[in-house]
Ligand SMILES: Cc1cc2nc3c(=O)[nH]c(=O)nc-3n(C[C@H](O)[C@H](O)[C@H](O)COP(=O)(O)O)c2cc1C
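The chain below stands alone, shown as structure tokens; this is the form predicted alone.
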Amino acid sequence: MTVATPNLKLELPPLKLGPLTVDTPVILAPMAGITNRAFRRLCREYGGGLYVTEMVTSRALVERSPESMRIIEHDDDESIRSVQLYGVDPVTVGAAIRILVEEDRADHIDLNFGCPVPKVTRKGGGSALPWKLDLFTAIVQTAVREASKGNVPLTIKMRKGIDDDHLTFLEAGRIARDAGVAAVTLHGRTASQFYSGKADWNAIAELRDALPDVPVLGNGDIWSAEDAVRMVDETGVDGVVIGRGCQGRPWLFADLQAAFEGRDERHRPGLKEVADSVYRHAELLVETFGDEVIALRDIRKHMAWYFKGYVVGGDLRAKLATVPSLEVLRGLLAELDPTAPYPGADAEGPRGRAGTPKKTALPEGWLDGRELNPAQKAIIAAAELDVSGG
């Protein structure tokens, strides 16, 4: 069901990333275990934008691990094949990008400098890495150089810094701009915040002002089209990046496209439409993984997101969270009340685990200086271990 809302229009031109044009400047944030081919298709069917793969590790891609090759697969009708790469070693990152470029596997590449997960940051990767200016500079310069050989635009996604006493976003943004990136995305939280608290949109506005000559995209706390409009109005960003806000709500991309086009329709699905989306998602996962058991194991984590706020009994929710097959899923969904309407505010807002603020796990002595010391150079090599699954 779609409903009318007060007319809101995001007065933004199409997003230009090198030779690419993204008509609707909305980007699906790469999320490990979420943004596979199945989920990207669901989102694309609702609205326009740029849809990025799950994060893939450079080393795993260079070694052509089966999982890394699956992650970078795209459907034939994905007009812009977008891949997010993680790495801590310039040589390995460069080699991974050469594979993507020379084998024509991507039209756009994004580098991950935003992951706050301890197994990544304790080895100096993700949102910990921009603190080391020499390493960050070397990776971004190498990545842009290799991507440019195929005229593939390269972007970066990062956080404000490690914590409020160790902010890196302005320096990192300028280094990335000078290296020739096509755009910079800022998630308005530090690594130590994880996903807790409020995203700092003032920092996003500050970065937008500091980088007038490169597109800046905003990420964090966009749960609705109205939030996206507000972020653009308050920060002046060139586009918005949607992460947890679309979990269990692929139709958010329809709302966002409507807002960009000045239309006032918003999706407010009743329980039957949600159930139909869950089943289609499961079918697409079977197609993606080629294995029903793996696919149904994967859909389980989406159940709480899809049915947030809807009247679904506790026993039925428990069964949906352990569903073993499409046949069982069909039966469970049939138990839902198909006439139940959209529940309103209960279905809106934050979803997923926010975590709690905590000290970021870092290599020993990481904050002592802005350049790698010999011991840290040895330690960080271990961060090239495959962390694609999280």
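Don't overthink the numbering: it's just position in the shown sequence, from 1. Because the structure is predicted, anything quoted here is derived from the model rather than measured.
Not pictured, yet referred to below: the form predicted in complex with this ligand.
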This ligand in the predicted bound form: contacted by all of G248, S277 and Y310, heavy atom 4.5 Å | no
Would you mind picking out the stretch of 219-227, 206-214, 288-296, 166-174 that comes within 4.5 angstroms of this ligand in the predicted bound form, counting non-hydrogen atoms?
-> 219-227
Tell me, yes or no, whether H187 is in contact with this ligand in the predicted bound form, where a contact means a heavy atom of each within 4.5 Å.
-> yes
Heavy atom to heavy atom, is K157 within 4.5 Å of this ligand in the predicted bound form?
-> yes
Is there a heavy atom of Q84 no more than 4.5 Å from a heavy atom of this ligand in the predicted bound form?
-> yes
Within a 4.5 Å heavy atom cut-off, is G243 in contact with this ligand in the predicted bound form?
-> yes
Of T235, T92, N112, S192, the one that lies within 4.5 Å of this ligand in the predicted bound form (heavy atoms) = N112
So which of L329, A347, A32, C43 reaches within 4.5 angstroms of this ligand in the predicted bound form, heavy atom to heavy atom?
-> A32
